[in-house]
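Given as structure tokens, the chain that follows is alone and in the form predicted alone.
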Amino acid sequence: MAVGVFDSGLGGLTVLDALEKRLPQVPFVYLGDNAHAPYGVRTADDIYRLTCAGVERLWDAGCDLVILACNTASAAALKRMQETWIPKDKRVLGVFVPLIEALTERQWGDNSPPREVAVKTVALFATPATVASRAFQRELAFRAVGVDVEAQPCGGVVDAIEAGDEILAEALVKSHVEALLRRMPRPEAAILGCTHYPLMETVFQKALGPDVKVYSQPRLVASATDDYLKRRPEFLGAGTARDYLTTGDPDSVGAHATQFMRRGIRFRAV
């Protein structure tokens, strides 16, 4: 009954942590493609190829359902995967859907025409590849009208977090927020469009100010996954063991993950 969680590196651990708290009875298998991180500066074709390889490895581990806990992979690869590659007995879900559901206050299956929503100005903080894909704006436009999205590519933040350099990460976040606020001085809401960014959520909130509602993904993804599995329990895979896998050096990745999550995590190489 295992469920797979895939990320380009360590950011997906924030989603995994929320998933394990919400669904303690489900064994999750996590795969970080640390050998090829970060994805945010790669081409769309490269991201697609690496994401497919990671998802296949999780299918081999008995996970019929895989969560792409990576906004870059969700933005640059998921639509193509769903249209041309994923077999009917498997499912791959991204992390954009729960964010857009929360922002538009409508379920993903609601195919009624786009309508007015309460929030009119949204700041999007994401990797350069996610921003370039315009996937968030595209999906939002299917469901809402009159929403102005200002996107800020946050170069360097993922690298600083993965390296454990919290001082640099904090400085970069402040710089990126300042750059966005020069273009959109008064956003009503902010989307943290990278699963690394929840670790910097308090820094984002402080830089944006108390009047901006910050949407972070882990809790939203965990709630949406819980709901999905209640509706589609057949996608609980055959796997029975929790596991942490990496394409990188397991000792190094485990050490950074332990610092990242502030609890001991041991990885195995794939």
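Please read these numbers as outputs of a predicted model, since none were measured by experiment. Numbering starts at 1 and follows the sequence shown.
One more form of this protein should be noted, the form predicted together with a small molecule, which is absent from this view; the next part is about it.
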Can you tell me if residue 54 lies within 4.5 angstroms of the small molecule in the model of the complex, counting non-hydrogen atoms only? no
Examine residue 38 and determine whether its closest non-hydrogen atom to the small molecule in the model of the complex is within 4.5 angstroms. yes
Would you check, heavy atoms only and a 4.5 Å threshold, whether residue 76 touches the small molecule in the model of the complex? no
Heavy atoms within 4.5 Å of the small molecule in the model of the complex: does residue 177 have any? no
Taking 4.5 Å between heavy atoms as the contact cutoff, choose which of 158, 124, 99, 92 touches the small molecule in the model of the complex. 158
Report the stretch among 234-242, 59-67, 203-211, 39-47 that approaches the small molecule in the model of the complex to within 4.5 Å, counting heavy atoms only. 39-47
